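Quick heads-up: the structure tokens below are two forms of one chain, split into structure 1 and structure 2.
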Structure 1
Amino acid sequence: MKLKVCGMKYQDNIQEVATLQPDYLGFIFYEQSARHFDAHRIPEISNTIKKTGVFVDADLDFVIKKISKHNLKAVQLHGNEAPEYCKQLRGKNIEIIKVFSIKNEFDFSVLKLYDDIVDYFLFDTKGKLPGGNGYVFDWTILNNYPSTIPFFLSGGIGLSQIDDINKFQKSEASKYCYALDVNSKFEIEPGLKNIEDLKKFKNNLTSKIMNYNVNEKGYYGEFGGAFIPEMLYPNVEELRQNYLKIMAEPDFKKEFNQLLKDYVGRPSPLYFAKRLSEKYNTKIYLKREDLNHTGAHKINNTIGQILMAQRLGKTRIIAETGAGQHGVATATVCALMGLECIVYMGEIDIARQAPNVARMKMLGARVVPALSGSRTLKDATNEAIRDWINNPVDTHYIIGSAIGPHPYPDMVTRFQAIVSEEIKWQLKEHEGRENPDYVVACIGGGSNAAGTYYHYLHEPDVGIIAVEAAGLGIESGESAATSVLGKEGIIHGCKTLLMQTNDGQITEPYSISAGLDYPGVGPMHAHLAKTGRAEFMSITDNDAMDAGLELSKLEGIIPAIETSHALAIFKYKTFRPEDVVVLNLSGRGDKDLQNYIDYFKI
């Protein structure tokens, strides 16, 4: 259930409330309200929080001007606005919330006029003035709710309603309850919110439901943490104490977003794959991360981490890479910022990803082969960690996946969350709704998957599908299917699911895909697997290669072999014709061309 905090008025208080990450913040543009927002601007807040303008029978031009001026993402109509009035806002790429007030009874038939026009209804307590009355209406009236339009529940909700809310969530009435709207019960004075009370309320709510985000100790459920040598503690602790503060700084956000736009080329398109959809009789959209500068999603994270390293005063950058895409992305941002770059890569991966090795060297990076173990991604990570131990003061380790000691999995996920953030508004443009029926991503350590899932983790109607590499088959002894073969263990600084022997020795993984050739999985994904929130599917080399060739011939897009694993699920899983399936096409196949040539004897 989403949370909206309404009646925001004071600049500092707005920023304080925004740190709690509500889903919506409401600003009242109604002069008769004691919470009337009349400041020149709304302070900069996270793009994940939807700024909502609240209006009461306002002139349409006035509403449109406020939408433009404050970059509003939603409008809440609290007066007697007719369906025709709402229709005129439909083309403004904005969510429309139509409010109805309830006292002792309500005629639900009036909603039908708005069914195909608004995105949400909001039910508030009927009082002398619109909103902010501080009283709760009888929620059992909503047991007769006849629509399928999601609604906001409002009216006098405060800390004392926690038990009532939990009870309401178990009722038939809650089926379409999308969000809670809170206001006056959390105020010190009109428009000034009590941060501690809001924090208690939000924590009480989230504690009653499964949480898929990291907690304050760095764990996703039972997975995560920071299991590190003592010599690395100062580095990791420095990062943990500062990463959220730095990411919240307006200058950081401005530089990060500007580079994503002008250097990376975001937003990446959300492409409707017409011929692929026709073949599998469902609606398939491809999130085109392959069109980013450097050819994959990895650049989103490296841009964020290089800016982080600069603000921490680091002058030397190290990284690990498997498929080479993260190595290229790291070398790219180091060249951009003029910093020394050392990339560790397994000897086997160096041979099978020669084009990316050449790119890294052209960009000025030093590529160091990992010669131990399986000589793949796991071993490259080991070598990078050894380097960090030996150079703790001036070096920042840009980890490329949602793995490693806390805060790395969370930090990488937050930088990659731009993927699902864009999917939401792009899908709204394509299909008239933000949420697909399924989001799909291939998964090794899991950074592209983490970014694809992030804004859908707590949307129970969105199915999450994680596709891992089965290699030559799950039971073949040549596989990287962690969800099936893994047990709880510790690798590269975190507790997660890990392929290992009975005595705890790491089992060597295998996949034709260098990026999925890893014996573990990020702790967030381990949590998704353990709780059943995500459906894990294992795809063999053969099926992945066939799926890559199929996309090339049907859509004119040659995907990375990592992504080809995700594409192969359509052979095994049947979707409904009306389902909307969004698949993250995480990288392009240029780097894998020789593998395709050798495999298909082209």
Structure 2
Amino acid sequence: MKLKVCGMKYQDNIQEVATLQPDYLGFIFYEQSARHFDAHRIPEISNTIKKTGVFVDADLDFVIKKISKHNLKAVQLHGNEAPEYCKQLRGKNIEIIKVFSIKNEFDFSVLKLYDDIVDYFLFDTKGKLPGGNGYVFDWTILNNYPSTIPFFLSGGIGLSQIDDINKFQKSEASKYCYALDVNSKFEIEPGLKNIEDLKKFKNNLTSKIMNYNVNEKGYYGEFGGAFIPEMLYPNVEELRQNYLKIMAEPDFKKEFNQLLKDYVGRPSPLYFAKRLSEKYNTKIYLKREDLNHTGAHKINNTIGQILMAQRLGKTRIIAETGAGQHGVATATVCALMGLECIVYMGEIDIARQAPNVARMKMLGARVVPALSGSRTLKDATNEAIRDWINNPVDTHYIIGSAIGPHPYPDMVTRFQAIVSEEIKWQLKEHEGRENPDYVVACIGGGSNAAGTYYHYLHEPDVGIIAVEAAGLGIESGESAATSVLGKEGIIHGCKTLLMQTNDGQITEPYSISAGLDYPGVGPMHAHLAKTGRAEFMSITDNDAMDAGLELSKLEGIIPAIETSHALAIFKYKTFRPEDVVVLNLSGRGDKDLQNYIDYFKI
């Protein structure tokens, strides 16, 4: 949950509060308020904090002037601003927060008028003044919240509400709660904030609420779990009880690290992309997972899981694959260990990824076509799960992404975490600091992203950017942008965001990139999206292809089309010249050559 501190007034105090890195700082441009911000300027603060102007029925011109003068990133409208009024602030690259005050009851139907116009609602306690009255309203009213627009919870929130907030977090009423807004309960006098109390509050929120790792029940917030038929229970349970224990064994660690070094070729370089950086006027580093053996990050996980399977006494390995990258990485480690390998692959994917099918066969794997459903990745996964149901004793299922029933998302994330572990020390060598300003990765199921983010999840100064495939465009009906198009649901054993019909049938995604062509997203990422910890962007086929070509020409690196999606964000998002942006170059483009040839008519 995000934090907004409102009613900032004094220069030194503003800078002090900013060091706590709240997500929003509010400045009240309303003369009648005791916290009226009347200083000439807002002091320099970190640009990850969104400066928010609070207005009460102000002239539109006045609002627009304040936005540009103070470089505001959000406006909070506290009066009786009509939808028409709000509409005129759209398209100004600013978040619009509309406030409603709640007493004992509230007619939520009024919110409907603001649909598609505002970004957030804010619910405050109704009092004499617009805001800053210091009373808490009855949050259970929000059980009736009929909208899906995220909201800020406000009104008299102080240190004494920590337990209530934790309870609220677990209740249905908090489903769309995006941020907490605090003000008068953290003041020495109106407009002067008590830093120690704010720090206590924020730490409590961080320690009790903002945990982005999996909990003991296998959930990331509300996402995750193990929704599996009883037939799979013994296998999944065996894994759950043993995976952390096995991963902690010195002998396991030694073998894993040795193979990553000698067989995969780790550490993969962290490369400063000079010409790309010049073009976009910021500092871009590429984490070269494309240089791994088999050409992508996938091998980090398959090495880990094959060692796990051996220690669990399994002799037969199954896997699913879309484009064939994970299939090849699995077939590779099976060859390495001399284990039987069966890879399920959609019949359609087999036809369009012939070179990878040949690779798997050369490596000794049996490639079984998935003939059900749409005959692509989703169906290959179904078939692999059915195989596991039919072979419950000797078989281990190597899932290739940060999806599936608990403990898979966590296990895969931990095996991929080597990526951010290396970034930390490598960046220290390059830049003298471990933390970049941003980490960027593309997301299908989300294993390369999970590895890239893992060691930065709880570093609030590191911005996390997740790039999904928009396919032909979000609205086109041919897309794989799950964070936008998905709803909470259950796919392949976990609760996550999922593209589906109103009736709960899983729908077919589309992307030019087979690796991003998945109707769900790992539960960790669903949680990062829901809490706002990660910024999700979606990139179309066309933009991705252009970005792939651009990297080839500027840096001499032909990326996988999955990775090209991540590279395309520079076209849309402007970074500061001094920002350090680390992007996971998750795979190489060899497998996509035919796609590039067809697309660019090379």
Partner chain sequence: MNRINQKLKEDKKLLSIYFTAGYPNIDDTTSIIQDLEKNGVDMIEIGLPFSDPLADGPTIQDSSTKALKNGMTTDVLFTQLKDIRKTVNIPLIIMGYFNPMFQYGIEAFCKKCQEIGIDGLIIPDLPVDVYHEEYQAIFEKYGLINVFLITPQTSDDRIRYIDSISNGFIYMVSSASTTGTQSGFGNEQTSYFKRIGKMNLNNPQIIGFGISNNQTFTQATQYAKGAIIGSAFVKHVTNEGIDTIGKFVDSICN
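Numbering runs along the sequence of structure 1, starting at 1. Everything numeric in this text was worked out from a predicted model, so none of it was measured. Between two forms, the rigid core is the largest collection of C-alphas that superpose within 1.5 Å.
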- Item | Answer for which single form is the form predicted on its own | 1
- Item | Core fit, then Ala568 C-alpha moves 2 Å or more between the two structures | no
- Message: Using the rigid core as the reference frame, would you say Asp579 shifts its C-alpha by 2 Å or more between the two structures?
- Response: no
- Task: Once the core is aligned, please say if the CA of Val54 is shifted by at least 2 angstroms between the two structures.
- Result: yes
